[in-house]
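Only one chain is shown below, in structure tokens, and it's the form predicted on its own.
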Amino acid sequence: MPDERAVREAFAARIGHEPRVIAQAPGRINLIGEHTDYNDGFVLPMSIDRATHLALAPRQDDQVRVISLDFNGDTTFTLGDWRGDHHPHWTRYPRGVMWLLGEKGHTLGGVDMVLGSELPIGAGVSSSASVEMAVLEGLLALHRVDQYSQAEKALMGVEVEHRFVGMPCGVMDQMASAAGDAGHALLIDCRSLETELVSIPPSAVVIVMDTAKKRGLVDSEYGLRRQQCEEGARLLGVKALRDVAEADLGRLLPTLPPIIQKRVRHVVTEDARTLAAVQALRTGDLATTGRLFNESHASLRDDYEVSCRELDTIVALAQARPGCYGARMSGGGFGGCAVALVDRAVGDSFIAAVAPAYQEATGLTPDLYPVIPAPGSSARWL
């Protein structure tokens, strides 16, 4: 997986000179608060120490050359030629960012860029948002634009998803990549966009568990879940499901169609679990945090119905291990990653036990690795 050095070296070898700007944007793992962001709710992601890296330099013409080390791709197009099926699919995020900057009145010049990522694609650690943030950071730095806050950059990434890519995502992935902080998770209020840093107790380690099951159905089911949540909010007469109190569910749910009941129950209880997990982490109560992780997975499996056999298998194996406080699927669902909160003293033995047990149960080779909270996206001139 390409790191910054690999990207810089590839730029020099392929373009023929050194880059002028280097940018990076981390991926993220969501600790808790799944499918709540587009319901104006609360999420607790953590930017991780694996990132997308970008090297770039200006050109003297109106051409844009984009090289992807991950897709082994190399394409050139003209400034302004943002849309169309003739472009390789992996260029949609760089093209979308350049399109949006033009929409906001920024005049862009030709550019060479080389992209590489340490993040597995389609695994639920937000590789796409990290590409958006890296490209945005790099282009803003290259054109010496410094007017945007990290939160504003995140919203620009969301706008790319909505208006260019056609994905009705929430704000969590981009905000975690843009505004993450070393040593902390990031509580995001997805309505106000206010953020709070939440320390991870040093006695615990966060372990990402990539199931090696590529996510399927995510785009279509994501849109359907969002529609179902919007319908629930409409029927309940609220702006968003965030406005429904958990204490009122017993009275309100029977008034809804059965499938909408399940979606509403997940979102409302997940918001409550997220806020409870923040309080537990702040007091060092890892047992309670882990229990909330477990409850979150059950809700995503049973009420939101976005899990799959592979996710359920690796989560169950993790939950059964000594020293594991809790585990849950993380991300959009239907494959990708799960996350476990584990006693640091048994982190290595946890990985050594869960990985082969999962492989035996599924025939898939998982990738389990510890992560630490990392700084958010940035760029610098060389």
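This one's a predicted model, so the numbers in the text were calculated from it and none came from an experiment. We number the residues from 1 along the sequence you see.
This protein has a second form, the form predicted together with ligand GLA, left out of what is shown; the following refers to that one.
S.K.: So if I measure heavy atom distances to ligand GLA in the predicted bound form, which of the stretches 353-361, 52-60, 35-43, 336-344 falls within 4.5 Å?
M.R.: Of the options given, it is 35-43.
S.K.: In the predicted bound form, does G326 come within 4.5 Å of ligand GLA, counting heavy atoms only?
M.R.: Because no heavy atom of G326 falls inside 4.5 Å of ligand GLA in the predicted bound form, the answer is no.
S.K.: My question is simply whether V160 lines the interface with ligand GLA in the predicted bound form - judged by any non-hydrogen atom within 4.5 Å.
M.R.: V160 lies outside the contact set for ligand GLA.
S.K.: Spell out, yes or no, whether the shortest heavy atom distance between Y222 and ligand GLA in the predicted bound form is within 4.5 Å.
M.R.: Heavy-atom contact with ligand GLA at 4.5 Å: present for Y222.
S.K.: Under a 4.5 Å heavy atom criterion, is G116 part of the interface with ligand GLA in the predicted bound form?
M.R.: Result no; G116 lies far from ligand GLA in the predicted bound form.
S.K.: Name the residue from C169, V264, L101, V205 that puts a heavy atom within 4.5 Å of ligand GLA in the predicted bound form.
M.R.: Among C169, V264, L101, V205, a heavy atom within 4.5 Å of ligand GLA in the predicted bound form occurs only for C169.
S.K.: Note that ligand GLA is not shown here; using its position in the predicted bound form, name the residues of 313-344 with a heavy atom within 4.5 Å of it, in sequence order.
M.R.: The stretch 313-344, when checked against ligand GLA in the predicted bound form, contributes G331, G332 at the 4.5 Å heavy-atom cut-off.
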